[in-house]
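Only one chain is given next, in structure tokens, and it is the form predicted alone.
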């Protein structure tokens, strides 16, 4: 297991493992951590994410040959959110590819070591997973954290963009690609300045009433905000068309990893779709949901954070619409309702980047 570089810095944390990488699960109160993310700013160590660097010329061609998006259209200073599929056409890694400094920086949340091997074995790829930390700041005040460290230039960064800044004499890449519905920034920095940067980020966050956050709360925020989570619905469902990830795919491409299976299913039509649910009592993954005596779908994601409980179900496409009621037992009373996503109205949309 790859140990977190900043493990000693996050002294009060409970640690876990994600695909061979150590992660911060929580700081003892995920509900409070989620509250910080929704109301001020939460800082999460995402260093378990795999990280790679490709030379631009060779890297673009290689990545375009395996990833679902059209990587050849990636512009300088911009990022693309896409995925890597396995031979069955199922998602095995969510990929952010960023173009900057004549290179392509790839961050990958993977379900298996095989996905990372596909990436690092191509086009003179350099695996920097153990050389860098990756820290996120998410929340309506997250932009204030980025501004406190790098100045007003961060106002020039639209969503899905990347810029390089100097910190303590070293290059730090700031990516604006949050996945919670709030403002979100990720700091990619070499280990040599990791602790100094973490101190600066946390000091700026605490000045705004923020707090450190474990990945437990961060995953719940993804679900609330209608962002794809490879470790939840990605793992339980896998099929990108059923997951609604068509927006990550360029269907004009001739091929990419897993494309034959994906194109064939698209031609046949998608029979099942992901839908958000509210239930009277928490339902566990695998629970069947019924329209009278007829199976309508299955619970595939069930997450609780404090008093909040949210679910996703994989439903027959004809039932995967918001506003309909179902039962968790055949011919039972209606105790499950399909709802629209996101589950919350993000404070970042309400407040914007308020000047002070």
Partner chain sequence: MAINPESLERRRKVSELLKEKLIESLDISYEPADIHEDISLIGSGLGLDSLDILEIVLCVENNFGIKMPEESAHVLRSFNTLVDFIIEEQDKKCAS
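Residue numbers count along the first chain shown, from 1. Because the structure is a prediction, the values reported are computed rather than measured.
Just so you know, the form predicted in complex with its partner chain exists too; it's not on screen, but the next bit is about it.
Of the heavy atoms in residue 349, some are within 4.5 Å of its partner chain in the model of the complex.
Proximity of residue 172 to its partner chain in the model of the complex: non-hydrogen atoms within 4.5 Å are absent; the residue sits far from the partner. None of the heavy atoms of residue 263 is located within 4.5 Å of its partner chain in the model of the complex. A residue is said to contact a partner when one of its heavy atoms sits within 4.5 Å of a partner heavy atom; residue 122 fails this definition for its partner chain in the model of the complex, lying far away. Residues 92, 134 and 165 are none of them found to lie within 4.5 Å of its partner chain in the model of the complex, as judged by heavy atom distances. Stretch 314-322 is the answer when you ask which of 314-322, 299-307, 55-63, 42-50 has residues with heavy atoms within 4.5 Å of its partner chain in the model of the complex.
Of the candidates 79, 108, 274, 204, 274 is the one whose heavy atoms come within 4.5 Å of its partner chain in the model of the complex; the others do not.
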